[in-house]
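Before any questions on binding or motion, here is one chain by itself as structure tokens, the form predicted alone.
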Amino acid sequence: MLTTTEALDAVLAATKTFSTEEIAAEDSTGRVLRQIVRAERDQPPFDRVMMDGIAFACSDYDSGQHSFPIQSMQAAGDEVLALENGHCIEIMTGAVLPQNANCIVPVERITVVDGKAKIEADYAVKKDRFIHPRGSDYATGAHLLTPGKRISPLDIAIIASCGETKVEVANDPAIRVISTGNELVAAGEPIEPHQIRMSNGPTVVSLLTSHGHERCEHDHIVDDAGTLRDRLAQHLDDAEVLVLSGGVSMGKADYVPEVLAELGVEVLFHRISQRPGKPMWFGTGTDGQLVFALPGNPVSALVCCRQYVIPALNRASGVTEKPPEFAALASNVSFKPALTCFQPVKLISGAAGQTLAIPVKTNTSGDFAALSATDGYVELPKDQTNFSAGTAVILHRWIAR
């Protein structure tokens, strides 16, 4: 069996880069950027007034003038005015600083009588106060977003501010999520006592879409070698990534590895020294398709999807890699098998500001209900049995931040 590190390395080594496409900027949230987004102009593009009030020259105030005839009014979006000596201009937040002005006093600190604005006697006037200087955020041509960034709603503001209507992003691959098994029945369909509800497929689809992959389709195939062969052949033609669930163990009805081999899918590994998820299978199709065959137990399937499928999709999309995230165990944990343990956890913040991971017990790897209370899982190395509270361990969130 491969170690978890060897398995992930094998998956990433077999992963090809997805192509690039150009889409409307407004539709790009969640997609992976493939271009540099450069500043169209300085930000702010002018000396911007930050308070409603009056604008005047500090030299007039310093010479003893504390009451100013109001020359005019300038609002945000108005063309810039030139201030006359000894006068002030009523100014609005967001407006361009008038020419010859270098001082702003808020409207709350002035009194207007007979067309003159008088500054309160106890107000401390400061030159350049409440003025946001041109280019102080960034200069024209600055690289505001770079390739590998998964575009967030906050990034849309940056893209729009740069005047971009379209952006280049990684192609969102066609993914087929395939549930196998005679015992599975979809929600809403009549069910017999000997059958179970189909949950892995919808869960994997949801996890993939939460990581930005919208082109996921789900299929259910019964445990019949001929049916599997026909349907998987079609999915290999239609998709770049296949994620199967079930049919990869050692049972007589576990046809998936045999059928994939018949279809020309090269197996790169089968079984990993981990729990849950030990029976996982991975290979590549004749056209470079990534084929993941996850165990059928729900906890195993979800862990393997998060541990291997998501990183592969990130690599192919060009997502900038982040350093590992750590959490401290909130209680002692013991795990005897010589396997890497992926322990589901609930996260809380400790008083010292650290992230604490509370182990959540699952009643076997089929206990998907227990996962609802978890935020992810921690990775406990295979060469250790006892882990004391406070031990720093690698954290994998279901939904990466």
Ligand code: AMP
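We number the residues from 1 along the sequence you see. These figures come from a predicted structure and were not determined experimentally.
The form predicted together with ligand AMP is left out here; the points below concern that form.
Taken together, the three residues S179, I196 and P295 all lie with some non-hydrogen atom within 4.5 angstroms of ligand AMP in the predicted bound form. Note on contacts: among V169, A327, L184, L83, the single residue with a heavy atom within 4.5 Å of ligand AMP in the predicted bound form is L184. Of the residues given (P276, G247, G283, P98), G247 alone sits with a heavy atom within 4.5 Å of ligand AMP in the predicted bound form.
Figure note: of the listed segments 318-326, 197-205, 305-313, 112-120, the one touching ligand AMP in the predicted bound form, with heavy atoms no more than 4.5 Å away, is 197-205. For the chain shown alone, D254 is a contact residue for ligand AMP in the predicted bound form, at least one non-hydrogen atom being within 4.5 angstroms.
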